[in-house]
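Given as structure tokens, the chain that follows is alone and in the form predicted alone.
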Amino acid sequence: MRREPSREPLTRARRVAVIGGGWAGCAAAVALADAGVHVALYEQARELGGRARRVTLDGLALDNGQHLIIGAYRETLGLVARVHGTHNAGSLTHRLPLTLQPFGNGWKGAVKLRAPHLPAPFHLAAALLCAGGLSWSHRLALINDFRQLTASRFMRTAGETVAECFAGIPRLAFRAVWEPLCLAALNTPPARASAQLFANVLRAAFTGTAAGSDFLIPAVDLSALLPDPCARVVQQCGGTVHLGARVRRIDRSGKAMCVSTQTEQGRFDAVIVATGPHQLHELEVADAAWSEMRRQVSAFRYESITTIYLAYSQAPAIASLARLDDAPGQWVFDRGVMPVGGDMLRVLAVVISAGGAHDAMSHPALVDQVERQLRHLAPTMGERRFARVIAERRATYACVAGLVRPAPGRVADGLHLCGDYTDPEFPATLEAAVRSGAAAARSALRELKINPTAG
């Protein structure tokens, strides 16, 4: 019998460009590389990670914003395990059960809540029943809210806001639990935030396993957690990573997609665009479907996230994170003891989600206000030795009720889209970014007729 000459597998000849090295782009790049595709990952910054990356401040490896992962973010945790190895993944985060622990001792209005080790959703009910700082009527009202969401199968009417969804609950109970969770998950004030997106987060966190509502605080900087090891996977699979490479144009040449940077041009079988929504107008693409999608995204509005890093000679011990009294900080994260200016100091990260009056303040004035807030809640704090503010003005799109968003995946032949703003289920979170990147990779692989497990 005559034997056919051996040929290189089809997947080895395919080349896909991923434009944007944030968490969505990194997720797409790894999924493509795992399928045997040659990936070229382009990032205009000098470091991968987008809005969740390492920054170095006076020698300290910190982040451009403090991020929180919950146990229900399965695709994010799965990708972390993929690029680090399952046996290493657990040491990369500090895990604690759903906890609302106030910073300092006994400030007025402080609510204490911690989920016990019970199956979901009984752990939430038990946490609410045992919550300190709430009356029995408030605890029962919160439980009744969740029962009603469960009865509705977490389906909300179009255009309903979080504030409208919980309009029947006492204001104190709403501000104690639902409001901080809404700001943490959607980065949008409840008066404008989408009730459906918030309901989706609550369903994921509280109706699966009890671990779904756990808080996971990164134990390493965000670049080390995901973008850096993703780049290594891409390179190990024969791909390339281009930093400081701004893509200006995408053109179609026959069946090929041409990607042009400021210095060179590459030809690819497909392109995945993984930039932020506000950056899409910077990319020239001669395609009617692309133009229509870009017009849709032009209606987006954005919310800021402000992180104030402070280092003290002494600070109250907290279990990784604690609630503040919203004046103006909302959460404080313990980044541990770090070398600062020759001394070992405790570094705290105070987070303010969504826009507000603080956006108009100078950084020194904001530091002073947050400093007064912390000392009011914990008067025994030591001397402050370090302070820096990182304000991401367009940290997320505003997850407002009724917002129409594009879907992840194919926009036109050879052209695909991803980003946290495209995920249909979750708000602008790391999980939404990772999910969308994986979805765009699947879309490109289907178009190229490549089995995702081919690699």
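Quick caveat: nothing in here was measured; it's all calculated off a predicted structure. So that there is no doubt, residue numbering starts at 1 and follows the sequence shown.
One more form of this protein exists, namely the form predicted in complex with a small molecule; it is left out here, but the text below deals with it.
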property	result
Contact residue in the predicted complex, chosen from Ala141, Leu181, Leu283, Leu96 - any heavy atom within 4.5 Å of the small molecule	Leu283
Contact assignment for the small molecule in the predicted complex, among Tyr73, Phe206, Phe103, Phe166, heavy atom within 4.5 Å	Tyr73
Non-hydrogen atom within 4.5 angstroms of the small molecule in the predicted complex for each of Arg171, Pro190 and Phe198	no
The small molecule contact at Gln330 in the predicted complex, heavy atom, 4.5 Å	no
Contact flag, Ala274 vs the small molecule in the predicted complex, heavy atom cut 4.5 Å	yes
Heavy atom of Leu324 within 4.5 Å of the small molecule in the predicted complex	no
Non-hydrogen atom contact Ile19 with the small molecule in the predicted complex at 4.5 angstroms	yes
Partner-facing stretch of 392 to 400, 32 to 40, 406 to 414, 54 to 62, counted where any non-hydrogen atom is within 4.5 angstroms of the small molecule in the predicted complex	392 to 400
